[in-house]
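In the structure tokens that follow, a single protein chain appears in two forms: structure 1, then structure 2.
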Structure 1
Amino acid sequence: MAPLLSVQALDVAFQLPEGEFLALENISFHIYPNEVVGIVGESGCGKSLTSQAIMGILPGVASIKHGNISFQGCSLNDLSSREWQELRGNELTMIFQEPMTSLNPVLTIGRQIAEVLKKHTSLSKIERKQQVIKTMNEVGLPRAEALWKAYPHQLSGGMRQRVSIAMALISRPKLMIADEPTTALDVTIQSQILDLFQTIKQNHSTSLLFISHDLGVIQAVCDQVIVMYAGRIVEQGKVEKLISEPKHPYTQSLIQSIPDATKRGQRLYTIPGTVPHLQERQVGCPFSNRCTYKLKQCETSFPDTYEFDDGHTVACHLFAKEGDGN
């Protein structure tokens, strides 16, 4: 089966007053039809930047320096503005972390969702409204007819996020990207939104790229998971295998940080240190200054990627003699 999305050896650089700095380096992964892939890592690891590169919405100071992104076999690197307008919001859609930044405060909810259909289909006004009401019900928005005339500020955070999901789903896209869609919500609403993504996964032939800093959330939704650190992929594989048998020290630390009912009353584990700022990244493994298993070569060279069973890969010098290259 051919992948729906392929990201191959992607480098993204920021042009800053101090010079040019690589923010993403050698990023490669695939998403297949009907597959849910998660990207996990701390803030500053490059998760959102990866999604922005895929959507063609990189900030002005950032640009793709190397590599290719292809969707349904077509390269996205050199699309014209018109081609992007036809693709974005239609076959390729995105849900942002804070819905108030993606919703227009002066347009009603119904009109905003219907605009997607107006732009990308030939449906009549009545047919568009019928489709919008159906999708609003599908994502769990109550009293859809009444909400049609409501404005974003009149809705709770959870309801606004459901509106964003409805906007992303209304065109029945091939791929949806969800960039930390539960982070700004309280725990109860988070659970409801995750259940909604599970329903979408079951009822639609839509692939999903789900971005989160929380491995527990990733485990609840995803088939495959990519672990990123400081603009690099350090581990990837099937979510159950990666969580039950994590190989990279960073992945192990992320799992150790997940709250666990068996550790009630104990202090939560935190990874010592912080993700290095873009201008502070050095040669070698970027996690080496926080890693308890650091080897001498970790400071001088970034490790090769080693492959194990089921396509599980890890970029770590600890596995130089255990990967498939031996």
Structure 2
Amino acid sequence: MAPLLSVQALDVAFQLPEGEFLALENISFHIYPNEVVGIVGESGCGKSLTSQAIMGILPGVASIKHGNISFQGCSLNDLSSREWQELRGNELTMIFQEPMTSLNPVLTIGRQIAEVLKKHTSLSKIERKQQVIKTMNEVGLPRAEALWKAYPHQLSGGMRQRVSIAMALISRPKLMIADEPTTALDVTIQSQILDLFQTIKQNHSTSLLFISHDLGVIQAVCDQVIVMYAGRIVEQGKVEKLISEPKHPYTQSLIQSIPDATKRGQRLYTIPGTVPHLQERQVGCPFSNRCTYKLKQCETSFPDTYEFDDGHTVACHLFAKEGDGN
């Protein structure tokens, strides 16, 4: 099966007053039709930047230096702005963290959702309205007729996020990107929204790229998960496998440092040191200065990616064939 989206050896650089810095380095992954892929990592690891690169909405100071992103077989690198407009909001849609700022406060809910159809389809006004109401019901917005005329500020946070999901879903996209869609929500609401993503996954042939800092949330919705650290992919694999048997030292320590009821009374595992700043990243593995298993070569070269069964891959010198290092 051909992948829906493939990102190959992507480098994204930031143009800063001090010079040019690579914020993403050698990012490669695939998303297959009807698959849910999660990206997890701490702030500054480049997970949001990756999604922005795919959507073609990189901030002004950032640009793609190397590599290729292709969607349904065509490269997105040299799309004209007109072609981007055709694609975005239609086959490729996005859901943001804060629904209050991603919705237009002066337009009614109905108009905002219908806007997408107006732009990308030739449906009549009545057909559009029917379609919007159908989608609103699908995402769990009851009384769609009444909500049609409501403004974003009249809705609660959870309802607003449902509206943004409806907007992203109505064009029947091939790929939806959700950037921390439940982070701003309360737990009980988060659980409702995660459930909604499960339902969408079952009822639609949509792939989903789900970005979160919370491994628990990732586990609830994703099939595959990608772990990022300081602009690099350090590990990827099937979600259950990766969480139950993490291979990369960073993934291991990340999982160990999550507090929960089972760790009561124990000290939490902490990773010594801090994430290197963009300007401070050096050659070699960015995690090497915090890693307890550090080898000599970790400081001088970034490790190759080693593959295990089931497509589980790790970028760490520890997994090099014996005799390679030391």
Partner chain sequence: MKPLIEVEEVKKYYKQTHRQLWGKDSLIKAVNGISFSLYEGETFGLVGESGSGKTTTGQLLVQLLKQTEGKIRFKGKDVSKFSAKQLKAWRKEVQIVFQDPYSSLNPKKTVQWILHEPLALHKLGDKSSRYKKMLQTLSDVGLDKSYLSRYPHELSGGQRQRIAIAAALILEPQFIVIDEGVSALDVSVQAQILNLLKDLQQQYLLTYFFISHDLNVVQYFCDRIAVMYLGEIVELGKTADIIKAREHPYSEALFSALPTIENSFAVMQIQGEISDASQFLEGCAFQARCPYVYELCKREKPVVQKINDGHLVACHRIQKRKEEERVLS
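Model, not experiment: these values are computed from the prediction. Take the two forms, find the largest set of C-alpha atoms that superpose within 1.5 Å, and that set is the rigid core. Structure 1's sequence is the ruler for residue numbers, which start at 1.
The second of the two standalone chains is derived from the form predicted together with its partner chain. Once the rigid core is used as the reference frame, the Cα position of residue 268 differs between structures 1 and 2 by 2 Å or more.
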